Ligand SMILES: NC(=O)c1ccc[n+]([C@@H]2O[C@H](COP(=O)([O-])OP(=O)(O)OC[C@H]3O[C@@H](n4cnc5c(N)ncnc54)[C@H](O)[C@@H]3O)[C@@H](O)[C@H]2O)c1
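Below you will find one chain, with nothing else, as structure tokens; this is the form predicted alone, and questions on how it binds or moves follow later.
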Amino acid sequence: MNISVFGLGYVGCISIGCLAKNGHTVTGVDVSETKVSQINSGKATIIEKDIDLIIGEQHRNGRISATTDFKKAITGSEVSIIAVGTPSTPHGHLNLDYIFKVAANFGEALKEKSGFHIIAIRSTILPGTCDKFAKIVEDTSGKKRNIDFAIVDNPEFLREGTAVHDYYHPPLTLIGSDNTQAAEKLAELYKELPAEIIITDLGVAEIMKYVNNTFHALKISFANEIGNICKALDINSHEVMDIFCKDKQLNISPYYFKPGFAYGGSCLPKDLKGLQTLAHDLYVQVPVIESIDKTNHLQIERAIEYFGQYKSKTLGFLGISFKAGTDDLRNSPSVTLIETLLGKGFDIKIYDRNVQLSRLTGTNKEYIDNHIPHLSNLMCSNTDELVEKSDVLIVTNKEKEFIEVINSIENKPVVDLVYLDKSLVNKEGYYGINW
């Protein structure tokens, strides 16, 4: 495949070398005569393990060249990869000037080109950038998106120092596009790599680099705060974190990474508070750990604000325990939410099979009657009664029986706080708290 790569910095240099090594003919494009000269001399533009050998070898094989002539590069290729810099502004925003300058260049070049052209952005960009890029190309060229050209977002996940290894051993390959033909064509570039190729929406692909790197920063900060606490206690922090990482069922796993409602129960709030208090007593500052329960409370406040639009309606809650399969109401975010809404004058009904059974058997009766008797009086004996008496249904835990209940409802809004089941997402009148 004939490919042009715009930007001969870190990502661009790795891209042209590795793509050429995979058998493609690659033209690098840059405004810097120095970088263009380096590539045309068979030299890498960056210092990075193995890339100098690859650039030299592929230049000798005739698969690599470079130019400052963007029109020549675009007209001579079928796929273009954008790898120009997107540095931060002094206020923390991304500077997308280089990206949009390239977009204008593509507009000028595509005026003179016949045939379908694919533009893949590898640079780190904000959600919505691909649409703005395409609009500039359309306005400048007179060509039409998804007829004459297509935009694809293809973020890179390369680490400096191991970039060549990372290119050939990615955790996944991500392609975002609203054009199936372009997405499948770009996927051909990566078909030999040992990783899943995921094709998704543009917005999903555009935000992933930020999500990944923010989480990496969070992991480092969390580990450092744990290390600081352990240091104050003369505990081996590396042994602690080594053991922490051995748990692949919960600690290092997808288990808790599901956007939804606040956490609750007896363990998480208690143990978090215990660690926060321990750090405080040791005079160790742990701002990341200190912020966890604040974020959790904000999720409850988000729900309270959302339900403001239903002030005149009767809200029917499917679930009140802190999670499915239990009658435990201790620190249940649903209890906090319901009590707050009651205080604001909302009319509320509740159904929770586990809590209902515990009242009958006496296992949780004392807690319910002594601590939240007003909630006890609001409970319905079955889902039919709840649906009949409610104007809006609210799902607060993942009991499987709720799926059938929601599927049977017509002409009533359903607000899901826990992502009960993906089959419900397209149901009319269905709303998620953060999806």
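For clarity, every value in this text was computed on a predicted model and none was experimentally measured. Numbering starts at 1 and runs along the sequence shown.
Keep in mind that the form predicted together with the ligand is not shown, yet the notes after this line are about it.
Heavy atoms of no residue among Gly265, Asp327 and Asn354 are located within 4.5 Å of the ligand in the predicted complex. Residue Val29 is the only one of Val26, Ile39, Val29, Ile394 with a heavy atom lying within 4.5 Å of the ligand in the predicted complex. This chain is drawn without the ligand; in the predicted complex, the residue among Thr86, Ser141, Thr173, Ser237 with a heavy atom within 4.5 Å of it is Thr86. Figure note: of the listed segments 305-313, 77-85, 289-297, 178-186, the one touching the ligand in the predicted complex, with heavy atoms no more than 4.5 Å away, is 77-85.
The closest heavy atom approach of Glu160 to the ligand in the predicted complex falls within 4.5 Å. Heavy atoms of Ala20 never reach within 4.5 Å of the ligand in the predicted complex, leaving it off the interface. In the predicted complex, at least one heavy atom of Glu156 sits within 4.5 Å of the ligand. The ligand in the predicted complex is not approached by Lys258, whose heavy atoms all lie more than 4.5 angstroms from it. Along 99-117, residues Lys101, Val102, Asn105 each place a heavy atom within 4.5 Å of the ligand in the predicted complex.
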